[in-house]
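First, one chain by itself in structure tokens, the form predicted on its own.
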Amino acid sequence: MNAIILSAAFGVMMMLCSFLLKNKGSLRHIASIALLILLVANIADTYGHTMFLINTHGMLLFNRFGMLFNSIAIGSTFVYVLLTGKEIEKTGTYVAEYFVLIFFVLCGVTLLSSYNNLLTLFLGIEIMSIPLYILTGSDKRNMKSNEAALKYFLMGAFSTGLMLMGIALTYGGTGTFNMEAVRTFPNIYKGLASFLEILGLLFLLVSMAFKVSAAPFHFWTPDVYDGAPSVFTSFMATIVKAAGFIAFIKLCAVRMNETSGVVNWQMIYAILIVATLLVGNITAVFQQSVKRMLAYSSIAQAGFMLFSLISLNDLAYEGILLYAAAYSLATIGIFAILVKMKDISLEGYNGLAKTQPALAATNMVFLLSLSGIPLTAGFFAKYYMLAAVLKTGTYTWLVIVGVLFAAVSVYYYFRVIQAMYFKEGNPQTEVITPSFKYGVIALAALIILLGIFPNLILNWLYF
């Protein structure tokens, strides 16, 4: 509850700062301090030190899993603001409002990690999504940004409509919005109530697949990620995507698991996984823009996160948390370097190792982590996802498919490394300050540390 209340309160505070403070640097520092306070408050809440005792009447359920994800999301946002805060200032004149929207997104994220009611799920999705539509179109002078915002809004509105229809049908089938459905119909699988619930869950499945960019509901992702300002694409593709998966896994673990005797949900997830891995990886291979390649690779990464839905065991819960941390930190680092590049095509990275060796080395660590190479956090993230499916004793063929597509992803990530180290060029970058270099080096070191000691995160789930 600390994170939900404080994130909303800090959003309002930043609104007041928008006309009280005119110095953009001060706004960034205030936002960083607020995020640090929010992180400390959430950690305190994890260990029972709640600042706000509010009776939610069962609509919210706080547990260690959700709290730990909140800490990962807030911590990743803190790193994001530290590395790219100056780039946020350059996006437009409404700097305070950008931070306001980021805090409101975090409010939605923390709701999604603790919802225990389908109505709360809807509120969390909308509170998280609406500010993102605005951030996507924040570069008003860029037609691609305006186009991306319109596409994102229309597709988001469509998926919201599907979600509302799914919630309504599910309520018609069970008589309750609660996640643990107290079914009001005695023969729930023999009549109309069963049909309504299954149809509603199918609508919810499609809606959540839209939110997490799972194929074949991914078509909005490349254009939106490519058209949005790069500094906000970094935020959308990491913390927001991970929050969607946390909401998805909670929905599957309760509502869909209860109806597994009627519908083979695991086979549906398997089809989604194969389609997502195929579309994301194969399309990323042919991209010449690094930013657009990262957009398609985010679809491929979503395919790996979907592995957690099939297994729903202890390894799956540990893996999705580790994946959220590894993927978010690596992608934030890659985009922090990308926004410093004046040419974001593959040719624009040619020879970067000679002109900016620190940026090239850290960028290589981030790319290796996304590839799942050992000694980086991404290796254990992928390992836990595959091990969770193997533990179930079924769908072994899906693990083989995952390994094959992981090998494909190595190809297009290594194309960037090849351009930086083995091709001649004169890459143009903005002024790189020492503080930025130290920041990306520290982030790369953290990814390697998590790759060697993943329990630094996972122990928080139990101790």
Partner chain sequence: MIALLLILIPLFSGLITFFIKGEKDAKSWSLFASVLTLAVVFAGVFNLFDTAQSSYDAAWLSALGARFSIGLDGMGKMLCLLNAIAFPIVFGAVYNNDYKKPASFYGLMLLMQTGLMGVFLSTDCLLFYFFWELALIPAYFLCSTWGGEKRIQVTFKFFIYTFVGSLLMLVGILYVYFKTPDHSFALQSFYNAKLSTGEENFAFWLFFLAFAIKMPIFPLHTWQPDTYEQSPTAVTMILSGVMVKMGLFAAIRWLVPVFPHAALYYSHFIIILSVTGMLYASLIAIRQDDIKRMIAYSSIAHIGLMCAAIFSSEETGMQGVMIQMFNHGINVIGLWIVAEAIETQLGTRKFSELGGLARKAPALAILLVVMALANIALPLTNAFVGEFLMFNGLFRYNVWIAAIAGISIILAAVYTLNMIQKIFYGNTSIATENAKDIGMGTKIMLIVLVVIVVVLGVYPQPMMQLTNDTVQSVLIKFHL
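Everything quoted here is computed from the prediction, not taken from an experiment. Numbering follows the first chain given and starts at 1.
As for the form predicted in complex with its partner chain, it is not shown, yet the points below apply to it.
**Student:** Have a look at 378 to 386, 271 to 279, 211 to 219, 335 to 343 and name the one stretch with heavy atoms inside 4.5 Å of its partner chain in the predicted bound form.
**Tutor:** Only one stretch passes the 4.5 Å heavy-atom test: 378 to 386.
**Student:** Counting any non-hydrogen atom inside 4.5 Å, which residue from 51, 54, 33, 403 sits next to its partner chain in the predicted bound form?
**Tutor:** The residue in contact is 403.
**Student:** Would you kindly say which of 20, 12, 452, 445 lies with a heavy atom within 4.5 Å of its partner chain in the predicted bound form?
**Tutor:** By the 4.5 Å criterion, the partner-contacting residue is 452.
**Student:** Can you tell me whether residue 371 touches its partner chain? I mean in the predicted bound form, with a 4.5 angstroms heavy atom cut-off.
**Tutor:** Taking the distances in the predicted bound form, the answer for residue 371 is yes, it comes within 4.5 Å of its partner chain.
**Student:** Can any non-hydrogen atom of residue 315 be found within 4.5 angstroms of its partner chain in the predicted bound form?
**Tutor:** Judged by the heavy-atom cut-off of 4.5 Å, residue 315 is in contact with its partner chain in the predicted bound form.
**Student:** Using heavy atoms and a 4.5 Å limit, would one call residue 43 a contact residue for its partner chain in the predicted bound form?
**Tutor:** No.
**Student:** Taking 4.5 angstroms as the cut-off for heavy atoms, does residue 206 touch its partner chain in the predicted bound form?
**Tutor:** Residue-level check for residue 206: no, no contact with its partner chain.
**Student:** Tell me whether 391, 399 and 414, taken together, all sit within 4.5 Å of its partner chain in the predicted bound form, counting heavy atoms only.
**Tutor:** The answer is yes; 391, 399 and 414 each reach its partner chain.
**Student:** Hey, which residues along 99 to 127 are within 4.5 angstroms of its partner chain in the predicted bound form, non-hydrogen atoms only?
**Tutor:** Residues within 4.5 Å: none in this stretch.
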